[in-house]
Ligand code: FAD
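Consider the single chain below, provided in structure tokens and representing the form predicted on its own.
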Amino acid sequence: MKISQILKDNKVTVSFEVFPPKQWDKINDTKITVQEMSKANPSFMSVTYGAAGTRAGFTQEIANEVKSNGITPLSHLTCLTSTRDKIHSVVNELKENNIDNILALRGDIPEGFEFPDNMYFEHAYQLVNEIKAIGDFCVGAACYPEVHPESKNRIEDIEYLKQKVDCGVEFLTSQMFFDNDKFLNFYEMCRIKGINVPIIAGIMPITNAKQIKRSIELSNCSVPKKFHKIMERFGDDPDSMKQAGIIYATEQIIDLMANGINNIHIYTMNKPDVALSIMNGLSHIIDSK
């Protein structure tokens, strides 16, 4: 099933993200993670792509596992360091495996990377165009509620975002955020600027205080005082921090739904117990919608 069909009619959806292992001998462990997460019956499950296009086959393998568990897979695809032939190879393999959904991403710039003069893919919209030319895929893209780290300002950021949508992007998934007001303001500005595709709110449960620094660097998100206090109080107690992180993420989702945001994506960090705990905390709320 295409993600665009899942997201239609403004119904409540909660989806998960998983990432493949770095080594092939760990692939079965990740498949077990997928099996455990599937018990929560997420609306769909996205599978990340290896840095700089590495381990593409791992992504395909896990996406197939998601599908075999009765869940719609969404395969990530990055293009920054890929050739056109490589992109065609990956996309055609997805087509052969009847995987209809791709999250088109430029990808993070590797340290020391310099853009060559003959680079084919420099921006995500170019990848969107390429995917659409290859086959009938449902294509999504990423967005930043608190401005992409490389954008000059919010206005420029949303202009680039609309460019991707105008190329055929059918839904957007946000990077993580910890302040719902930031997302709600971003959501409203997108609508004002004519970005009318579904925007899925990305939530990351922070269950380990050491996790937060790297997460902030990648997503360019701010941390509200309330969450700082949680980390100060519980950061040195792993069990307490895990519980507090799950509760904070669950409360974020409840507040978003109360404000009319019905599409949620959970960055699970491959932790089935965390994903299942959040879903249990939302069980009646989801059913009531």
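Not measured: the values here are computed from a predicted model. In case it trips you up, residue 1 is the first one in the sequence shown, and so on.
Although not depicted, the form predicted in complex with ligand FAD is the subject of the following passage.
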Checklist entry - Which among 85-93, 135-143, 204-212, 178-186 is in contact with ligand FAD in the predicted bound form, heavy atoms within 4.5 angstroms? => result 135-143
Checklist entry - With the partner left out of view, is N97 within 4.5 angstroms of ligand FAD in the predicted bound form by any non-hydrogen atom? => result no
Next on the checklist: Under a 4.5 Å heavy atom criterion, is G168 part of the interface with ligand FAD in the predicted bound form?
Outcome noted: no
Checklist entry - in the predicted bound form, does I102 have a heavy atom within 4.5 Å of ligand FAD? => result no
Checklist entry - Does Y120 reach ligand FAD in the predicted bound form, with heavy atoms at most 4.5 Å apart? => result no
Checklist entry - So which of T48, Q252, T33, N262 gets a non-hydrogen atom within 4.5 Å of ligand FAD in the predicted bound form? => result T48
Checklist outcome for this item: In sequence order, the residues of 170-200 that place a heavy atom within 4.5 Å of ligand FAD in the predicted bound form are T173, S174, Q175
